[in-house]
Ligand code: NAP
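Okay, here we've got a single chain as structure tokens, the form predicted alone, with questions on binding and movement later.
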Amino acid sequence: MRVPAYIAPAAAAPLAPTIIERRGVGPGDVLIEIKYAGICHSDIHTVNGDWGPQPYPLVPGHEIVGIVAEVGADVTAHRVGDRVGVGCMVGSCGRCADCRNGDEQYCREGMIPTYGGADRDGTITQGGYSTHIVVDAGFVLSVPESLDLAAAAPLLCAGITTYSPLRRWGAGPGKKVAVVGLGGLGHLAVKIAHAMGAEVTVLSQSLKKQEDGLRLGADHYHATSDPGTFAQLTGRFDLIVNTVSARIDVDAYLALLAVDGTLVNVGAPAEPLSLNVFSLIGARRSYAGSMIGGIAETQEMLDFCAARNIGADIELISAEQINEAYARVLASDVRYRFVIDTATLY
């Protein structure tokens, strides 16, 4: 089927309306009428070519929610009319140890990204800035009824990206957790860590979002532009989740960890980061990375957020505002996630 979409024609070029082809619905597929698509900083990195050459023209978007319009003959988990979501991947080998362990995002044969990857039919996957998408049923998530559909869209990337490390490194009662950056990822990290019962601190460049941070669930808020912050907080945290996509002084942040503490990077800057190994050795600290989450964990995250009424703080936009939204994201001028109303694509 041919459907409306917004496409990046080349690296760093403005996105423009177009028509794309979606594959037919196979026996194991689900056709989704997309209602909302979040704008992730990863979309902008990809469109700008920050992470290397891309298969342009390319439709971004991996924070997708909508309604099931058709299911293949073999699909039993989803029915027409269901509320569903699609995140950052639409396929994996299903056979390797990582896939069998529920870590499809780390598939040893390479997971199939929602856009910019080689699909099973050899075509390039195209993302959620579109009115419809066809996805293998095994990579379609159920969106609980209690979640606002538009506010749920960013959970499919920003939500699971922050939930997964918080869960894996034990955020909860008695744990001191710091979140670096209060943007699209960071604001959800604060909400989720607070809901898990941790003592939450926001580390942001300035105090301009302090009121927001405390409203979202932070117990403390500090400006990293103040050198006194790092002296004051030395050895304080059990876990630091770094959500920013810019270079940071890794050693300075490692010094904020208690013995056995962990700094986890989920933001992905284009430039390499470096550290002094003694920042780790001195207190048995760990420096880690985390990328989204598996399908089962993503469903767990959606159910967790539904039970605690957690959605993203969003600004709903029309398709013609996408390029303006990209510029505003780069200027840190959004609180806290843009979501496209895909009805405006028609």
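In this text the structure is predicted, and so the values were computed from the model without any measurement. Note that residue numbering follows the sequence shown and begins at 1.
Just so it is clear, the following notes concern the form predicted together with the ligand, a form of the same protein that is not shown.
Review point. 266-274, 74-82, 189-197, 131-139: which one contacts the ligand in the model of the complex at 4.5 Å, heavy atom to heavy atom?
Key: Contact-bearing stretch, as computed: 266-274.
Review point. If you check in the model of the complex, is G183 within 4.5 Å of the ligand, heavy atoms only?
Key: Contact check for G183: yes, within 4.5 Å of the ligand in the model of the complex.
Practice item. Give a yes or no for S245: in the model of the complex, does one of its heavy atoms lie within 4.5 Å of a heavy atom belonging to the ligand? Key: Flag for S245 set to yes.
Review point. Is there a non-hydrogen atom of W51 within 4.5 angstroms of a non-hydrogen atom of the ligand in the model of the complex?
Key: Result yes; W51 sits at the interface with the ligand in the model of the complex.
Exercise for review: Give a yes or no for M291: in the model of the complex, does one of its heavy atoms lie within 4.5 Å of a heavy atom belonging to the ligand?
Suggested key: Yes - in the model of the complex, heavy atoms of M291 and the ligand come within 4.5 Å of each other.
Point to revise | All of H45, T161 and S204 with a heavy atom within 4.5 Å of the ligand in the model of the complex | key: Yes, because H45, T161 and S204 each have a heavy atom that approaches the ligand to within 4.5 Å in the model of the complex.
**Study point:** Interface residue in the model of the complex among L15, I20, V25, V334, criterion: non-hydrogen atom within 4.5 angstroms of the ligand
**Key:** Filtering the options by heavy-atom distance leaves V334.
Point to revise | Proximity to the ligand in the model of the complex, single hit among I240, C157, V143, A171 (heavy atom within 4.5 Å) | key: Contact check passes for C157.
Exercise for review: For the stretch 301-329, return the residues whose heavy atoms include at least one within 4.5 Å of the ligand in the model of the complex, in the order they occur.
Suggested key: Contacting residue: only V329.
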